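Single chain ahead, written as structure tokens, the form predicted on its own.
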């Protein structure tokens, strides 16, 4: 499997060249230095998750469009082949099943949250929506100081361009399906 920083290098350079953006313009849009953008594009740097989010938000593209290979017309996704992302000491795990594609404007994840697990999410690009279906367990989602507790079979849709949190408030593992829908450019 190709290392993520090399995939990121190809995707960032392809996006920048496709949009005819200079390194200076990308640095201006993202708040990441021109030197760092150049190092990332050459595969000389493994940026932090925070830096990748800064680039994605600044360029108004999805996080996964930077870290995943472009996809063929038909794709079989096996869980064992997915690179898991985790937070909260491994208690919050994200499995990016279907990454963002420009013509589709969405991405699909499965999220597992251990009992007591928690994630505080930064606002996504303006106009982004999240659609969540709970398959197992119970989660509490807070958006704009409003709190929603969902159990197995429940779902929620909300504007994700505001700070929001996820917390497993139940007594067992929570499993959810998450779709992020991005606005048209």
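Quick caveat, the model's predicted, so the values are computed rather than measured. Rigid core here is just the name for the largest C-alpha set that superposes within 1.5 Å across the two forms. Residue numbers count along the first chain shown, from 1.
Not pictured, yet referred to below: the form predicted in complex with the DNA.
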Exercise. 61-69, 33-41, 125-133, 152-160: which one contacts the DNA in the predicted bound form at 4.5 Å, heavy atom to heavy atom?
Worked result: 33-41
For this session: Indicate whether the candidate residues 83, 86 and 91 are all in contact with the DNA in the predicted bound form, with contact defined as any heavy atom within 4.5 Å.
Result: no
Exercise. Just to confirm, residue 10 within 4.5 Å of the DNA in the predicted bound form by heavy atoms?
Worked result: no
Exercise. Residue 172 near the DNA in the predicted bound form, any heavy atom under 4.5 Å?
Worked result: no
For this session: Consider residue 142 of the chain shown here, and say whether it contacts the DNA in the predicted bound form, taking contact as heavy atoms within 4.5 Å.
Result: no
Exercise. Hey, in the predicted bound form, is residue 18 touching the DNA, heavy atoms inside 4.5 Å?
Worked result: no
Exercise. What residues of 50-68, in sequence order, lie within 4.5 Å of the DNA in the predicted bound form by heavy atom?
Worked result: 51, 54
For this session: Using a superposition on the rigid core, decide whether the Cα position of residue 150 changes by 2 angstroms or more between this form and the one not shown.
Result: no
Exercise. Is it true that residue 8 shifts between this form and the one not shown by 2 Å or more at the Cα, once the core is aligned?
Worked result: yes
Exercise. Is the C-alpha displacement of residue 173 equal to or greater than 2 Å between this form and the one not shown once the rigid core has been superposed?
Worked result: no
